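As a starting point, one isolated chain is supplied in structure tokens, in the form predicted on its own.
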């Protein structure tokens, strides 16, 4: 197995070369390592430096980079698990070379998480985290971190797969990234509720091909009931740009107030806040003192997430401009016009042409025409 040395943050480690070349697809390597998700790992390392859990498990380690970095850069007590013996051997060699005393296991992930407890549990599978969510929630004392790379089912492009895995009826909309985050949040929340536990989102975002959640788990019936209050639906008109939120476990039947079409429910999913802004501020304050390869991109992500409204959908103002046969102005000009009209408005972290606003779409079109 050919190896090459990689550095992320202040951690240097060996990873396999896929197909004999450094540019080959990561999934073709004997042990999976994806350099394009460095920001995902940087975000977690930065968050760990703020919340400081007593211990941490990288439950699906693969190359082990996430757990190795948590041990070296955050100084945490870490367990790294992967059932692949080649992966476990490489993780052990990297840990030894770094002088890290972390525990390494080769267990089925559900077996591990059904037999032990950790302050922070991190699930980073290749594909869907759905088969591992139940055991991860049972194993996590305070914090649960989850990555999903099956964005097509989450976002509505593969409707039946999304219904099977996440118990949610979706729709392929222009705000599909937002739907993906909220579908995953809703699924994890439902998995926690059956144990009388609630969830509190700390830092959740969508990036490229994945969705990433960082959550605090809260014990007790009251916490579970507060979480239940966050469930609801986005009602999308299939005939025009109209959309709205509706709280509750069951979707309401409503007609579009603009064209009279029957509104289609997307959900159930998570409504409301997806960020703990005090946590994001603390992360931003620490960012300059840490050695992170994606620091500039991560700084921008934190700022955008801090400023986002807690709406569960957005409008792509370029699409609205085409719908209304208008020429779109620069985004900041449109935002200023909507604020002058008395509406709340912000950019989103996952799209340069998306805006969140409490303005109806007709008012956005009016601002586009000003």
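In this text, all values refer to a predicted model and were calculated from it rather than measured experimentally. Positions refer to the first chain, counted from 1.
In what follows, reference is made to the form predicted in complex with a small molecule, a form of this protein that is not presented.
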{"item": "Touches the small molecule in the predicted complex: residue 117 (any heavy atom, 4.5 Å)", "value": "no"}
{"item": "The small molecule contact at residue 313 in the predicted complex, heavy atom, 4.5 Å", "value": "no"}
{"item": "Interface membership of residue 244, the small molecule in the predicted complex, 4.5 Å heavy atom rule", "value": "no"}
{"item": "Contact label in the predicted complex: residue 109 to the small molecule, heavy atom within 4.5 Å", "value": "yes"}
{"item": "The small molecule in the predicted complex: contacted by all of 41, 60 and 126, heavy atom 4.5 Å", "value": "yes"}
{"item": "Listed residue (231, 210, 132, 143) with a non-hydrogen atom within 4.5 angstroms of the small molecule in the predicted complex", "value": "132"}
{"item": "Option touching the small molecule, based on a heavy atom within 4.5 Å in the predicted complex, out of 254, 83, 89, 226", "value": "83"}
{"item": "Region of this chain that lies against the small molecule in the predicted complex, out of 198-206, 118-126, 181-189, 268-276 [heavy atom, 4.5 Å]", "value": "118-126"}
